[in-house]
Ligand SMILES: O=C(O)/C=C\C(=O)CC(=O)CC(=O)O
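Just one chain is shown here, as structure tokens, and it is the form predicted on its own.
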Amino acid sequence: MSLSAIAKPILYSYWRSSCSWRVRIAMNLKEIPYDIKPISLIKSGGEQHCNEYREVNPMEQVPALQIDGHTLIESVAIMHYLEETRPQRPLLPQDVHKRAKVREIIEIICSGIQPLQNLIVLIHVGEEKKKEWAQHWITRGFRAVEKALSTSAGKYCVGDEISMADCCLVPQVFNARRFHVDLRPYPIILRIDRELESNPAFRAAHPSNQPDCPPELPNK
């Protein structure tokens, strides 16, 4: 095996990026040691736009993961790679229907909510309207997530085992709180979030525990 294949993975991450956060959770759950290379999305107009990082991720976004001699981008693709190459501590159920439900919840969050309230979109929307915009799309998406969870949830999003869906849900709840979304209409979402907040893998992945979290914002 080449040295690049056994080198410690490097995760290009931003402390408050929910996409980076998903991957941090997944790697923690699978107990994969990794180093973080912080990429500030706001410093100097955004380090993700520099030429050096564009070579890592042509989409100029985080995360990117260097692992097994490869560079991977897009959080869901990364999580599937981790699942397929490190199947121990699985994040997808064996049952075909449950697996489909996990992917359904992932798609609602990662395609139908998060991109619409992402930093690049909010900058385009403008400071005056960004909160209302984010609240609209998060509320719309959470109605769908809550409905999906009403038929799939056990202790966690799908049954009683943690899955990729949980890796995606927790960061999105954090975003909802950032934008002051009323979460009372979503009791299942809130229950699962509370269940996971003390899990060591989730706690270690939290923005406040990241090396690039601003010292004045440890609990934000």
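So that there is no doubt, residue numbering starts at 1 and follows the sequence shown. Please read these numbers as outputs of a predicted model, since none were measured by experiment.
Keep in mind that the form predicted in complex with the ligand is not shown, yet the notes after this line are about it.
Heavy atoms within 4.5 Å of the ligand in the predicted bound form map, among the stretches 146-154, 82-90, 113-121, 98-106, onto 113-121 alone. Not displayed here, the ligand is kept clear of S13 by more than 4.5 Å at the level of heavy atoms in the predicted bound form.
Within this chain, C19 lines the site of the ligand in the predicted bound form, having a heavy atom no more than 4.5 Å away. Not displayed here, the ligand is kept clear of N28 by more than 4.5 Å at the level of heavy atoms in the predicted bound form. At the 4.5 Å threshold, heavy atoms of L41 reach the ligand in the predicted bound form. Contact with the ligand in the predicted bound form, defined as a heavy atom within 4.5 Å, holds for exactly one of R54, R194, R178, H70, namely R178.
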